[in-house]
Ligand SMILES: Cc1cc2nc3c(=O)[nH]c(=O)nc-3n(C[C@H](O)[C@H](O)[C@H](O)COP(=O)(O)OP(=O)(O)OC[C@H]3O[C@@H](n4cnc5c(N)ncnc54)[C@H](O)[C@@H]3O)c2cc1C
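Next up: just one chain, as C-alpha cells, the form predicted on its own.
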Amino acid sequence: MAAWRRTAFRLLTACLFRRNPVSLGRCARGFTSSKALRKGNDFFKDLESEMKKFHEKLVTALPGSDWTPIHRNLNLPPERADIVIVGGGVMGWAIAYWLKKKERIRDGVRVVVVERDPTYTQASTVLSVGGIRQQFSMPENIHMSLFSCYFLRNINEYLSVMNEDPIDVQFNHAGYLFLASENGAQVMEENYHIQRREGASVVLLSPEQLKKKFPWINTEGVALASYGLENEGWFDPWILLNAFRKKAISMGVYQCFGDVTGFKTSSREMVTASGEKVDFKRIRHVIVQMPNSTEYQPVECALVVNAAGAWSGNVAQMAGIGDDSRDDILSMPVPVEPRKRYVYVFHSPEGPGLDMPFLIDNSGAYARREGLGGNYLGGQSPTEDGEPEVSNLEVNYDFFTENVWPNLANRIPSFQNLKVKSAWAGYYDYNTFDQNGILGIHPLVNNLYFATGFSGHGIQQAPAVGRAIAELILDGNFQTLDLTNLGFKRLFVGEKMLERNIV
C-alpha cells in the first residue's frame, strides 16, 4: 500500500507541475520579486488544496472503491452482454422490457440497448402520428394490434415504476374510419370479414349511414366505409417510448448512446446431406462508436437484435447480409429502406369536433383531431415514383398544397379554409418486399434477430412484437401469437404476405 501511495503522489505532483509551469519555474529561481513571491504563495495554496482533494480520493481508493486515477467514459456500454439491441426506439425498448420481464432469474439476462440519437429528434417513434387500429387484412397484424391496445389500456400494470407518477399515454378511443370508392369496396368488405373473424369490433357503413353519423363528411365518391367501434384511435408515442425505457432501465437494462459501426464475426462451414457447403456466421462483438468522439467499445455478446427501424438494412449489411459477391442466402439483402413521410399540423376553427375519428380517405389522405382547439394532423403517402429523397428531414410544404389539401378539403368541406401551422417529417422502415414486419432469426447469421420492416405500423404493434421476440429468444418459439409467417422464409422463397391496408 505504501508503494502505491508513493506512486500516486508522484502522479499527482506531476499533474500539478504541468498545471503550474510558470509558478514552478519561479519557485525554482528563488522568487526574486514580490510578484514572484505572490505567485509562489499561490502555488503552495494550490498545492495544499489539491493535496486535500487527493487525500479525500485516497481515502476512498481502498478495496471495493470504484475510484481510479485513469479517466473512464461512464457512457461506454459494458464490455460484455448477453443481448445487444441495436435501436433505442419504441421497438427496441419494448423488446428489452419483455426480455427482462420473462427472465427466470433476476439479472439473469444482461441486455444493452444502443441508440445513436441521444436527443431522439430524428427517431421515427416520436415523429409518428401515434395511430392504432385493427383494420388490417392480415390476421397477424390484427392480433398484434389487439394485444397492443389491451396493453395501452392497462399500461400501468405493465410499465409502472415505483415512486413515479402513473403513466397516461393520452389514448383517444375515437376509432378509425376508412372510406372506399366503388373500385375498393369489395376489398374493404373482404377485409371486414377477416377483421370480424379475428375479433375486431368493426362495422360497415353505407354512404347514407356515414352521412348520418358524421354530417361533416362529403360522401361523394364513397361507396362503402369501415368504422372501428373500439380498440382504435391514437396515443402519444413519446410517452409510450419513455414508459418502456424507464421501466426497462429500472429492471436492469443498460442504456447506451452511440452508433453501431460494425460487427466482429466468426464463420463455421457445414456440409449438408447432399454435399452442399453452407457457411454459418455468428456475431461475436458489436462495435459501438461513442457520439462526437473517436472512442469506441467492442461489446462481446451472445445475441444481437436488429431493431434499427429505417436503417436496419444498413445494420444487416454490417453483418455481411446482402453481400452480392456470394452465391448463397447471404447475398440477399434485407428489403428495408427509409421512406420519408410528412405530417402537417393545421388549424380549422369550423372543422369536425370531438366525434372525429382517424379518417383515411379513399384518395390516401388522412387526418385526425389534435387536442380540442380546432387543430388537426394530416398527410398522405406519395406515389412510388414521387418518393422524396431521405438524406434529411426537411418538409415539402408544396406537397400539402398540391396533394393533401385538395383531397382533405374535398372530403371535409370545412377544411377549405384551414391554415397550416407547422409540419415535420419522419421515416417509415419500409419493407419493399411486402410492406410487412420481418420477425425472427436470420438463417445464416444464427445469433442475429430482426424486428423491422413494419412500413408505418410498427409503433402500434411494438408491445406485441417485443413480447414475440422475447419468446423466440428465451423460449425458442412463439408462445402467445404465432407470427411464423412474418419470418425470413417468405423472403427467400418469394411468398409475399401482402398487407392491403397500408396508410
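Here the structure is a predicted model, which means the values were calculated and not measured. All residue numbers refer to positions in the sequence shown, first residue = 1.
Although not depicted, the form predicted together with the named molecule is the subject of the following passage.
- Contact with the named molecule in the predicted bound form holds for none of R153, E232 and R467, as no heavy atom of theirs lies within 4.5 Å.
- With a 4.5 Å cutoff on heavy atoms, R341 counts as touching the named molecule in the predicted bound form.
- Although the partner is absent from this view, D361 stays clear of the named molecule in the predicted bound form, with no non-hydrogen atom inside 4.5 angstroms.
- For V114, a non-hydrogen atom is located within 4.5 Å of the named molecule in the predicted bound form, even though that partner is not displayed.
- Mapping the unseen interface onto this chain, G440 falls outside it, with no heavy atom inside 4.5 Å of the named molecule in the predicted bound form.
- Listed stretches are 218-226, 410-418, 91-99, 384-392; the contact stretch with the named molecule in the predicted bound form is 91-99, by a heavy atom cutoff of 4.5 Å.
- Screening G351, P77, G130, G175 for any heavy atom within 4.5 Å of the named molecule in the predicted bound form leaves a single hit, G130.
- Shown without its partner, this chain lists V260, V336, C149, I142 as candidates; in the predicted bound form, only V260 has a non-hydrogen atom within 4.5 angstroms of the named molecule.
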